[in-house]
Structure formats: C-alpha cells, structure tokens
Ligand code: ADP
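Shown here is one chain on its own, the form predicted on its own, set out as structure tokens.
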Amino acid sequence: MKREFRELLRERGRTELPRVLLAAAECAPLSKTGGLADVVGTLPKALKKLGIDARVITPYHRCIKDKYASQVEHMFYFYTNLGWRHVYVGLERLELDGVVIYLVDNEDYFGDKIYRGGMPEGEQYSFFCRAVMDVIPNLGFEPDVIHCNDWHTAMLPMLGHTQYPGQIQDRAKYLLTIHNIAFQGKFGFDFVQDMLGVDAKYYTPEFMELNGCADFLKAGCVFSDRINTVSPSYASEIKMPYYAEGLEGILNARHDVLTGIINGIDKVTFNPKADPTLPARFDRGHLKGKAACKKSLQEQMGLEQRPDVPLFAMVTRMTEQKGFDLVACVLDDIMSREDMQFMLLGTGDERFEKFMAAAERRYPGRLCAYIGYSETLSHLVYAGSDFFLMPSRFEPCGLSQMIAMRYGSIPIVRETGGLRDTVTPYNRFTGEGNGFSFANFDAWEMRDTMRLALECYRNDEIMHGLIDRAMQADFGFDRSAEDYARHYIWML
C-alpha cells in the first residue's frame, strides 16, 4: 500500500483500503456504446494494482449473454417490488481479468438494447437501481463505497439514504461520476412514484425537481457524498449555466465536494508498438511503421498514395455537440485552398452524413467518408493520420485525443473540458506543446488553427517535436485510479 494511502487511512482511524462497488449501465468489454464502458471496464483493474477490492455491478444485457454465458456463474435469484410489479431478479457472477463483475438478470428489461430510450429506458434503470439495492446485502461483499455513474445509477444514493435506514445500503458512502451532464433521466413524478415509491416530499427543487420533472441525475447530486466528473475543466464548466443543463444551482451549492478526475486510456489496447490490428508497428522515435500505416490507410480508403500530403482525420459522432457543424461550415473552403487529405470514420445526424457523402464525391482521392464504425479501422485511422480533429462544443473528457497522441496523430481541439486538460497548444516561440487548440466555438477560428497545423507540417523539426511530445504523454489509467482511490478514502 502506498504510504500516502496509509496516512490518509490513519487519519480516518482505518487500516484497510475501502471496498468499492462500481454500478454502471455498461462495462467494456462486456457491453459498450461509449466511453463510460471503457472507464468502468478499466478502472477496477487499475484499482486492483493499488490493493483496492473494486467490483462491478451491471445489467446482464443480451450482448453479454451471447458472448459470455458459458463463463457466468449463477449466484441466486429472488423477486422484488417495482411499484405494483413483482419482478424477477437474477444475479450472476463473472470474473474477467481478475475483476469480479456481478450481472443483474431480467430478460424483460435487458433482453435487447442496452438503452431503449424514453420511458422504457427509465423503467429499465429504475429496475436496475432497485435490484442493486436489494442484492447488496446478499453479495458476501459489503462495499464501503458505491460508485455510481451517470443518471442510470444516480438514484442509488437517494434510495439508499431514504428507503434503507440503518442498513448496508444506508451505511455505504456514494460517489457519483457525471460522464455527460446533458443526459439526466427526466421523468414525471407519477412515473417515479410508480417505479420506485419515492416519498412526495422529495418532489421539490431542494431534492429532485427540475423544470417540473423528476430528475434522476439531480437526485444523485443531492444525495451523493461526493460528486466528480471526468476532467477538472469540465468540473468547473458545469457550474456555469451554459454547460450545466439546469444543474448549476445544486452543483454550486455542493462545490466543496465536486471535483474533476481526468479519464485514462487502456495502454495495452492502444499501443502502436504492439497493436495487432496495424499493418506495421512503431513507437516514439521509430516512426517508419507510422508511414506504412498512412500508406495502408490511404490505399484502403481510396485516397491518393502520397506520403508527403498531410492527412487530417476524425473518428466521431457527426453531431453538433462534437462540433460537426463547424466542419460542415469550412470544409469546402479549406479543401479547395490547401493541399491536404481528410478522412472521416463515424455516423451521426443524417444531414451531416449526406454532407460528407457529397463531399467525398467533390474531392475524389482527397477525402473519404466511412459512414459506419469499425474498431479495427479506427486503430488504423489513429496510426495513419497526421492530425486528429476534435472541435467539440463541449467534451467532458474525450478519449480520442489521448488515443491519437498515443499513435502520433497530432490533435486539433477546441479548448473545452478534457480537451483543454490534455492538449497543450503548440507555442511557436518556445517550441512547447503536443497539439493545437482554439478557444471559441467558431468555424473560422478552427480553420485558421488547421492552417497553422499545415504550416508546422511543412517543417520537419517542428513536426517531429510535436509527435515526440504527443507520444511521450502518459494518459494511462494508473494516475486516474490513484485519484479515485484518494476520493474513496476521503469519503470513509
């Protein structure tokens, strides 16, 4: 155990590190739709290295059954009350990479999509919250800290502290991590009463009411012992009305327990020196393999075979949140004026998908739009591109810019959230920096930043320095795990 942790524990009259149960709607590699799953799948492994017994509880989704059913051990089942419903709860156990994962089974709720949307999704995760509360006393594992993630599990602290007085669920401390404040789980009070039997006295602005709705995420912000989000800058931003989506009041009121912990990436999965998906391997200081990856990417995507042309790339959802409206505004301007290539991998709003398909026809051999997603292709895009564009309107953390730097693709980002915290803009006077950034959500400012990147591309010394510093940055999860460990201990 680290000396720092021993001292923190001694201050709290304890000798043992806390036991932690992470509750989340998805967990990589079992189930995944986004970055949340990566965090939940990677954090417990990093915590284990520190000596913390961290386990996961997540729904037993159909995608998990299809792949892992033969490895799962049945623990027990019972029936619980979800309002007037008497519903089945099965608990299965899976150990993966040394981490214990509890799977909550109910085919009616988790037999198809991870997220059903609207009221059906609200019922899915109301059931999951109730099931988690009711299985905890029977796990043979009493958590000191229950680590909740986003609105799907944000009702756990409220239920634990109001409906289970004096029991394990009430004695536990609760940490709520906000991965994206734009999604809050808003429903009618009659729905919450029907599902979870929440006392009507809590249907007020002091507790869970927001704009006439019962807000699951707000309830979590009120009743959690600590709150964090996934970057320090985002923790500051969500106290402002522009970013807070209506929760600025409670977050400012609880600013003393609100912090930001930057996410990390899995350095084993994302490692250009050993990545089995790449046609050639490379590492910092030995970039011959990166040139081979660029050639392979150009060949596969129908781009002109030119090693000297700068290749810009995006792996993204084509939405306004990701800044794709900025891209649509200036793409023709920069493509018509500059000698460059552009590669997109992703899906999104129909209007943006059509725009990119048309752009591909306007710039044959220079622009490629792969409308869809391929994990293998994404690795090649990171490895084969020269610049990686992320002009997000807001970005709680962002993982793509970290992965891009790991593969020597220089990020160009808007200064928001985790993008600001991980990308140091190039300084032409000092030579410092590992990427490029622009401050305002403005298409022409983004275009000018891309042009600065193009100028630097033509200078081998500058470009090699940028690549070296980008690949040198350490965005592994070990540092994040230490920050979470401190939070867990502070909560004891």
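Quick note: we count residues from 1 along the sequence shown, nothing fancier. Note that the rigid core is defined as the largest set of C-alphas that superpose within 1.5 Å between two forms. Because the structure is predicted, anything quoted here is derived from the model rather than measured.
One more form of this protein should be noted, the form predicted in complex with the ligand, which is absent from this view; the next part is about it.
Think of it this way: in the model of the complex, the ligand has a heavy atom of just one of I403, V135, L258, L326 within 4.5 Å, and the residue is I403. Checking P411, G398, P391, P157 against the ligand in the model of the complex, a heavy atom within 4.5 Å turns up for just one residue: G398. Heavy atoms within 4.5 Å of the ligand in the model of the complex are found in exactly one of 99-107, 238-246, 122-130, 315-323, that being 315-323.
In the model of the complex, the ligand sits beyond 4.5 Å of every heavy atom of Q167. Although the partner is absent here, G35 lies within 4.5 Å of the ligand in the model of the complex, judged by heavy atoms.
Using a 4.5 Å cutoff between non-hydrogen atoms, Y373 counts as a contact of the ligand in the model of the complex. Using a 4.5 angstroms limit between non-hydrogen atoms, G346 touches the ligand in the model of the complex. Residues from 149-163 do not approach the ligand in the model of the complex: none has a non-hydrogen atom within 4.5 Å of it. Remark: with the core as the superposition reference, the CA shift of P272 between the shown form and the other one stays below 2 Å. Put the two forms on the same core and the Cα of G185 is off by less than 2 Å between the shown form and the other one. If you fit the rigid core between the shown form and the other one, you'll see the Cα of G289 move by less than 2 angstroms.
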